[in-house]
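Just one chain follows, in the form predicted on its own, and it is written as structure tokens.
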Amino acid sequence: METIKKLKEFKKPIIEYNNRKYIFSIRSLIIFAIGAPLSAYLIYLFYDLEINYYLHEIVVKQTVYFLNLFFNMNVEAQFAPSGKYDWRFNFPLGNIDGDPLSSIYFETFCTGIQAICVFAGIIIFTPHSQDKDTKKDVIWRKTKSLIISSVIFYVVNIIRMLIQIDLYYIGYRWNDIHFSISAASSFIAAIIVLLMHKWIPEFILSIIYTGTLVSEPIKQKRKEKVKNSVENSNQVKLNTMRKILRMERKNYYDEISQWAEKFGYAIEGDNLVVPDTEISEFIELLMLDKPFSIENSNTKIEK
């Protein structure tokens, strides 16, 4: 509770991307984290109800049409209710050599609807920026992303089944190709994420924003520790300053030496030593949103 209270009190960060400003409320981020996975699951459960098995029929018949069009394998879409299955692919003439083939039963998972549900949940619950200019067209951008991503997933799923059934028809074992090709086709999710970032950068930026909010109390606590150390002993551990200055571990000794020289600080062993005359300004620069930024460094040099 104390952490949440501090998050509400501190000044919200602003992410600027493509000349737009992104500011998210903590409530919208929490709703996103809970609502996206929960809605995806509930949408899938809805389509897994028997009243929606018309989707099975549509997908099976479309797949059969293209199988016979491209591969001339005389496969049939057969209505054969059995438990969670209503439709199946039937091969009355057997495989390419005329040998009998077992029918392939079709279930909700085979429609690819689960991928559409996941991205639908993400798109719907992705938080809107509190900047009025940034959010004014977000509904249209979300609608476009939802439609295009759903179409892509649907088409890719049909292509996946065409490849799998054709390989089965020419002699490959179904278990050898079913899961491997299904897993390989998931690469399309990466493409959808890229498209989403183009139209809904709020998705990735809200994740970055969440990381910033979570790390803020840690940063503030670290700054307070440095402030107290400098006030009490005029020095602070170099490793602590490295974290505040976000220097890479492999180069930070060289970088922090140059940085200390610019600001008029000294390095003694593993400690940064701040002269008495510089303590007040050191603390002032430390407490900025961007501690000891290049701009501040240049200002210091000019003095």
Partner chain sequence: MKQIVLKKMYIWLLLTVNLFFAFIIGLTIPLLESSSRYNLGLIMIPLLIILNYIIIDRFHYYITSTNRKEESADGNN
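Note that the coordinates shown come from a computational prediction; the quantities given were computed from them, not determined experimentally. Residue numbers count along the first chain shown, from 1.
Here the subject shifts to the form predicted in complex with its partner chain, a form of this protein not shown in this document.
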Go through Ile58, Ile34, Leu45, Ile26 and name the one with a heavy atom inside 4.5 Å of its partner chain in the predicted complex.
Ile58
Scan Ile191, Ile204, Ile147, Ala184 and let me know which has any heavy atom within 4.5 Å of its partner chain in the predicted complex.
Ile147
All of Tyr54, Lys136 and Ile139 with a heavy atom within 4.5 Å of its partner chain in the predicted complex
yes
Its partner chain contact in the predicted complex: Glu50, any heavy atom under 4.5 Å
yes
Test of understanding: in the predicted complex, would Thr143 fall inside 4.5 Å of its partner chain by heavy atoms?
yes
Heavy atom to heavy atom, is Phe153 within 4.5 Å of its partner chain in the predicted complex?
no
Could you confirm whether Trp87 comes within 4.5 Å of its partner chain in the predicted complex, counting heavy atoms only?
yes
With its partner chain left out here, work out from 58-66, 238-246, 37-45, 271-279 which stretch has heavy atoms within 4.5 Å of it in the predicted complex.
58-66
Across 65-85, which residues bring a heavy atom to within 4.5 Å of its partner chain in the predicted complex?
Phe79
